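Take a look at the structure tokens below, where one protein chain is shown in two forms, each on its own, as structure 1 and structure 2.
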Structure 1
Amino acid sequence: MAHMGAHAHSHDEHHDLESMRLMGFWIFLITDCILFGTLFATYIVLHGNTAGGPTASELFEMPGVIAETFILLTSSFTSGLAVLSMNQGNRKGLIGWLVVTALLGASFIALELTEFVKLVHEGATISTSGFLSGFYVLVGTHGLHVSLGLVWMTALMIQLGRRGITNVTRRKVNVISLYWHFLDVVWIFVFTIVYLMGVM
């Protein structure tokens, strides 16, 4: 009896512990909002300081950026589908959609790196001007977040393969999908403030 009681109690506790962790992550995302906000403020203040170097409208090429935007948007959707599969108890579907999300994320990073390499070859480096310093660090910080997300997602897929859908892995999937939606939101603001307003 005592053992069973303890077991039922512990199940409940684990559940609450996981919801607490999800809340902790939500609060972490809010701190990350402030982090990006500070970078945006810096970029906006410095964006006119081109120091004789190239300006935004001279540099940015929209086709690549538009492709990046739609790829990331779609990956935000597919990460949602992964959560949906998980809630239906469909482990294969969950891992499948996570793979799709990760591949879309990887192609986003590939496109972004291509853009950076091209810019550097045109002589627009981080030390060219205050504007470009702000640009590379803002966009690069977002890219770094996406890359870390990819590593993390891979680790999670391995854990899902080993352990299946448990309270703990369920929380981890919820957390990473929140993270991924958050990165999409940040990108929307990068797209609007850096690129669209840059070429306007």
Structure 2
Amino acid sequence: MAHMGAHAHSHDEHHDLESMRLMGFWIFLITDCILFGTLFATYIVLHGNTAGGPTASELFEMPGVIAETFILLTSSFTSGLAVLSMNQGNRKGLIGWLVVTALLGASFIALELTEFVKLVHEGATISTSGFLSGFYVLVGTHGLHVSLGLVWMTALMIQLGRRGITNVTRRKVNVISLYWHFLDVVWIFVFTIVYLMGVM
């Protein structure tokens, strides 16, 4: 009886710890919302300050940006399929969809880096104007978040390969999926405010 009581107590403690970690993630997400809100506000204030340099409509090439958007939206869908596989207890499917999501995320980063290199090559650097400073910081911060997500996802895939679907890995998959959807929502704002409004 005492053994059962101790087991139940340790299970409750473990459950509380998982809840605390989930709460910590939500706090992190709220601070991230504040960070991006500040960066968007800064960009909106600076976007007209081109200092006689190139404007958004002269610099942005929409086909590449549309491709980036399509890739990231697709990766959000595949991360949802990963969670679905996990809920069905399908470890192979879960890891498979996470691999697809990570590959799509890596493709997005590759396209973004290509765009940055091209802009810098054309002389549109972070120090060219207030508009470009705001652009690089906002878009670069989002790209950095996607890169961190890829590292996190890779570590999680290794953990899933070793331990399978446990309460801990289940929480981690749910958290990375939420994080990924959040980055998708931020990108929709970037696409609309920076690129669409820029070329219009």
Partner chain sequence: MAQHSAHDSHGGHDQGAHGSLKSYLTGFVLSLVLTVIPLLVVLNDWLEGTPAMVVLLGSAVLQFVVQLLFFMHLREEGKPRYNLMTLLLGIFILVLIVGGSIWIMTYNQVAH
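Note that the structure is a prediction, hence the values are computed from the model and not measured. Note that the rigid core is defined as the largest set of C-alphas that superpose within 1.5 Å between two forms. Each residue is numbered by where it sits in the sequence of structure 1, with counting from 1.
Shown second, as structure 2, is the form predicted alone. H181 shows a C-alpha shift below 2 Å between structures 1 and 2 [criterion: core-superposed Cα displacement of 2 Å]. In this core superposition, R21 moves its Cα by 2.3 Å between structures 1 and 2.
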